[in-house]
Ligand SMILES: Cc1cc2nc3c(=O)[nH]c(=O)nc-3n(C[C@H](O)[C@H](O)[C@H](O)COP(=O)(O)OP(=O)(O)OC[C@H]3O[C@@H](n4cnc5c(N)ncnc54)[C@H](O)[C@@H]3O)c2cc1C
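First, one chain by itself in structure tokens, the form predicted alone.
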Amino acid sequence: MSTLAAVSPGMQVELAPEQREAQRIFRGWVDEHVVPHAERWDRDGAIDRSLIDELRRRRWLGAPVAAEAGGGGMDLVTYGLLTEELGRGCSSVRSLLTVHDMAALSVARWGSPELRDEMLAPLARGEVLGALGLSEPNVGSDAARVETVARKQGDGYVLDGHKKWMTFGQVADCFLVLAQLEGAATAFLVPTDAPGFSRSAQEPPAGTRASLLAELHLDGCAVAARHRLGRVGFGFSHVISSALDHGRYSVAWGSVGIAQACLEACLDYTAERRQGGKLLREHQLVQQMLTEMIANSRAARLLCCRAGHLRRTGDPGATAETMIAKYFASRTATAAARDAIQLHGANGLTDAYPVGRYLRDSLVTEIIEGSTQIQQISIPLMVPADL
């Protein structure tokens, strides 16, 4: 793997010794606890609940939340390395960190003092699992126009609506929910024990099949006033947008992990399989495909490192660079997975090899937290032409 961590204009910075050590630990843990089980989780449509306990014990749920708030206080490049390794092993496991940390960081940034006192430390320690309540049956990418409605009632709010495609919605303890309050998009943290809240399991999708998807049903769901995040009307423009920005960063790194997994699988397979009297990797066209995987996965990793560096320093261009990283890395993952199946031939279409799962998971990364097409519309409007 590349050891280049933070990249800013005109310079490259090596990983610090503690980041190298963290990377080694992450990779070893994923190889032992994730990789051997990922195919079974994919078939079963669920990760083992014991793995969630282990992630909690290691303080990897809430890792980017500040230590003074109870979180892991992990720097963003190290967090990216963690996300890459989890994505290399199982994209469903990576997606758990993504949605949980989106909720935890939203409470840390936008929650009222009362809500932070109540919920931040448990979220930051992973004792309470958070998830995102955004997509709806009739609303996907145009998230600001959600149909869920909220109304003021007494000292709190009542929500009515239907959410779909909630990652780890079957096990989450609370959801970051977007609703229309007096016609203005407003965010709420909805606990699952709130009156009027219910959920139902969804059938696993084609990719990230083990991510325990659920539908949420809000039927007069009552929450306290302190559970509103940010101001009325700031729900999408501030709260959800910042959550999605973190989600894109996590998905970008996870996409690098998928590309890396494809590369490693192909290096192993082409070093053993023979065609035309010689090893596959000795054929020039195969070498060309491997070269594309190597170069693009490293380029994607460097883009993620650059985004992490800019996010860490609070650079105003960090959001755009995160979007670029997610765009390039997710497309890199899909291209690598398609080539991986080609290199595996018919074997790549069977459950005996993981590359079919890599392709299904990679396609998900091109949809979530802003589809490839949304990125193509947005990036030219955000990035100056002279950079």
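All residue numbers refer to positions in the sequence shown, first residue = 1. Given the structure is predicted, the values throughout are model-derived calculations rather than measurements.
Beyond the structure shown, there is the form predicted in complex with this ligand, which is absent from this document and is the topic of what follows.
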Which single stretch, out of 107 to 115, 80 to 88, 245 to 253, 159 to 167, brings residue heavy atoms within 4.5 Å of this ligand in the predicted complex?
159 to 167
Is L132 one of the residues lying within 4.5 Å of this ligand in the predicted complex, judged by heavy atom distances?
yes
Is there a heavy atom of S241 lying 4.5 Å or less from a heavy atom of this ligand in the predicted complex?
no
So, S371 and this ligand: in the predicted complex, are they within 4.5 Å at any heavy atom pair?
yes
Report yes if any heavy atom of T148 sits within 4.5 Å of a heavy atom of this ligand in the predicted complex; otherwise report no.
no
Please identify the residue among L280, L218, L310, V99 with any heavy atom within 4.5 Å of this ligand in the predicted complex.
V99
Answer key, this ligand contact in the predicted complex at 4.5 Å (heavy atoms) among L302, A194, A121, L213: the residue is L213
In sequence order, the residues of 201 to 223 that place a heavy atom within 4.5 Å of this ligand in the predicted complex are P205, G207, T208, L213
